[in-house]
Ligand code: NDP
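A lone chain, given as structure tokens: the form predicted alone.
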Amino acid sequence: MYDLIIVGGGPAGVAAGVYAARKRLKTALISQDIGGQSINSGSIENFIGVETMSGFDFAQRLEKQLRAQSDIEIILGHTVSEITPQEGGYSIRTHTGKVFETKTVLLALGSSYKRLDIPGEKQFEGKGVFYCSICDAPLMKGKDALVIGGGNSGLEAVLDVIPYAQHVTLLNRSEVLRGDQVYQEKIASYPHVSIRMNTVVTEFSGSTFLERAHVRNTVTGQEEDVAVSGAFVAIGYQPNTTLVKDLVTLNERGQIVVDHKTMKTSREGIWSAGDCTDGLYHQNNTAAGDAVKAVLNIHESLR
């Protein structure tokens, strides 16, 4: 019987693992891998304490620090398929059929950026196709960039990219932007930003890095190639919470509802942290902070 099982290996899961080990909780971390969605970022420049690093380097740093803790069992290559309440805690089953028992659970399930699912998107991910504008906007210094999406995610991405790019083109699939008016007004004040309505990307292409986006007007059907060095797909994200949809309370967006002082969920003995929660902000730093709060509260609960 573990004191705590952490489900997830992103910044929230690793931060939880480090703190749980330091609190001498008998802990296991179960995840397919270490790093979270930022592993695909070309450059991370906003993680506190590190000036710049690639997503791959970030994942390696996280794993190295986690493995430096002596009191934690790290179970990689496994996906949790079922979490079942039982007397005294929970039973956790992985896709391989392994079963673990624990007094408490920390859900650090993360989220996934919504994809366009078009040719070239996967090929150029991290090589010109980006999903985190805060992380990767500096790579657009002096270059032409596309932002895809007319909601708040897209408009915020434009504002992130504006200080760096030579020119930013926002593509919106309809004739009306859905983002907040205040964002629209800010964007309109910059001369090096243009907006193309009723336009979608149908394919990304290039050699080693992204060079072109193939776009189509949804009204006229006209197609063309747009030369571009970077494309930010900002059509929202989805929390990875299907596993727990019948276990804890989710909001209308599928995010886990938590008490933000303690990170407790609606079910006794289960906490959650990071991008899968209903937190207002979702960043690597805030995910780690959420996880630290959760583990400190778990420690108090067990004690």
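By rigid core we mean the largest C-alpha set that fits within 1.5 Å across both forms. Here the structure is a predicted model, which means the values were calculated and not measured. Numbering starts at 1 and runs along the sequence shown.
The next section is about a form of this same protein that is not shown, the form predicted together with the named molecule.
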Decide yes or no: are G36, Y131 and S207 jointly within 4.5 Å of the named molecule in the predicted bound form, with each residue judged by its heavy atoms?
-> no
Give a yes/no on whether I148 approaches the named molecule to within 4.5 Å in the predicted bound form, heavy atoms considered.
-> yes
Quick one: does N46 come within 4.5 Å of the named molecule in the predicted bound form, counting heavy atoms only?
-> yes
Decide whether S153 counts as a contact residue for the named molecule in the predicted bound form under a heavy atom distance cut-off of 4.5 Å.
-> yes
Any of the heavy atoms of G236 lying within 4.5 Å of the named molecule in the predicted bound form?
-> yes
Tell me, please, which stretch of 223-231, 111-119, 160-168, 134-142 lies within 4.5 angstroms of the named molecule in the predicted bound form when heavy atoms are compared?
-> 111-119
None of K127, R93, R173, K186 but one has a heavy atom within 4.5 Å of the named molecule in the predicted bound form; the exception is R173
Of H192, K98, R178, R196, which one comes within 4.5 Å of the named molecule in the predicted bound form, counting heavy atoms only?
-> R178
Shift of L76 between this form and the one not shown at or above 2 Å (CA, core fit) = no
Yes/no, A108 Cα shift of 2 Å or more between this form and the one not shown with rigid core fixed = no
Against the displayed form, R115 vs G55 by Cα, in the predicted bound form, with 3 angstroms or more change: pair is farther
Do R178 and H282 move together or apart in the predicted bound form, judged by C-alpha distance changing 3 Å or more?
-> closer
